[in-house]
Ligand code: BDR
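Okay, so here's just one chain, in structure tokens, the form predicted alone.
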Amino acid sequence: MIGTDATGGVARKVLLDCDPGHDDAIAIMLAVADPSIDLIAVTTVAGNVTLEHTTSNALRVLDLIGRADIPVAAGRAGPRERELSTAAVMHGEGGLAGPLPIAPSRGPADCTALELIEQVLTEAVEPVTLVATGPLTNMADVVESLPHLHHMIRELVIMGGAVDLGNWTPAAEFNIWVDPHAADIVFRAGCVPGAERTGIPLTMIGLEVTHRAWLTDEHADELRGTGDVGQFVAELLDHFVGFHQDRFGWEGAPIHDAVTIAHLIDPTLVTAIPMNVQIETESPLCSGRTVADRWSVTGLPANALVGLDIDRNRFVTMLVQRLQHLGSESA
């Protein structure tokens, strides 16, 4: 039942801002598959591929899993102060390389992402969790344009950043690197979830966590026989795992974005500690770096809860089981 979890409790209302992308697509599926999450809206941003493709992909995934009732609104088509750079080399020009492309049954809503987020927060009877798995361009708009509704944001959970090294440059993770100026706005507005609220409670799930959250060819084969959804995910993984094997020599592919949803389902999966995080926006070598003060050497107050590790086995078990169930339901 939408709106209640398996124990009869009220499910957490989530709005997902994303740039599908293989791992974003799987994050959408996990959010729909788990009864503790009530996915009430999806907004899109340019990142992994252009906005036209990320929006079409979000609509296409929701069609596949039988949730065309979930509104989708398109957001920013590019970063605030620089040209858009995409990860089409990884995800394919359309963003979901692997399965044959199918046109979605509908277009996006007649409002912008910011307008849909404003509507959701205004109409909510309890605070809503925002999850951002792409560049933070839309989320910076929320910070700047909707200060009167920040109290209706339960927390903001992002996939992005790293405490140590990057993945798109030696210093920076892709989502933050694409639009560091937006990320700077978001982190300046952040505070630690559960502490005295001085901003928007912010959780950063970065590469230290997501590089451990990988699936392999074996997981693709497990899902392949479980209906239309399982087949779709298997074909996504055929491409995505293959790319990481060829490019990096890894056994599998990290499903970065799904970790944000898994963290909401089971907060014990990810080990995280409060840190002060600042975003480098100027350096040609380090633009987009999340400068995370793990050891509190600056004395600055923590503004985010930062993930450091994940129980990979429990994450993989959760993800595969939920996707298998979602697949069998649509078979």
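Residue numbers run from 1 along the displayed sequence. The model shown is predicted, which means the values in this text are computed figures rather than measured ones.
Heads up, the form predicted together with this ligand isn't pictured, but that's what we're talking about next.
Undergrad: When you measure heavy atoms, are 48, 173 and 207 every one within 4.5 angstroms of this ligand in the predicted complex?
TA: Spot residues vs this ligand: full contact, yes.
Undergrad: When this ligand is placed as it is in the predicted complex, which of 87 to 95, 73 to 81, 103 to 111, 224 to 232 ends up with heavy atoms within 4.5 Å of it?
TA: Going through the listed ranges, the match is 87 to 95.
Undergrad: So in the predicted complex, does any heavy atom of residue 167 sit within 4.5 Å of this ligand?
TA: Looking in the predicted complex, residue contacts with this ligand include residue 167, since a heavy atom lies within 4.5 Å.
Undergrad: In the predicted complex, is there a heavy atom of this ligand that lies within 4.5 Å of any heavy atom of residue 203, even though the partner is absent here?
TA: Close contact is absent here: in the predicted complex, residue 203 is far from this ligand, nothing within 4.5 Å, heavy atoms only.
Undergrad: Using a 4.5 Å heavy atom cut-off, state whether residue 179 contacts this ligand in the predicted complex.
TA: Residue-level check for residue 179: no, no contact with this ligand.
Undergrad: With the partner left out here, check for me: in the predicted complex, does some heavy atom of residue 136 sit within 4.5 Å of this ligand?
TA: Flag for residue 136 set to no.
Undergrad: Can you tell me which bits of 17 to 53 touch this ligand in the predicted complex, meaning any heavy atom within 4.5 Å?
TA: Residues within 4.5 Å: 19, 23, 24, 48.
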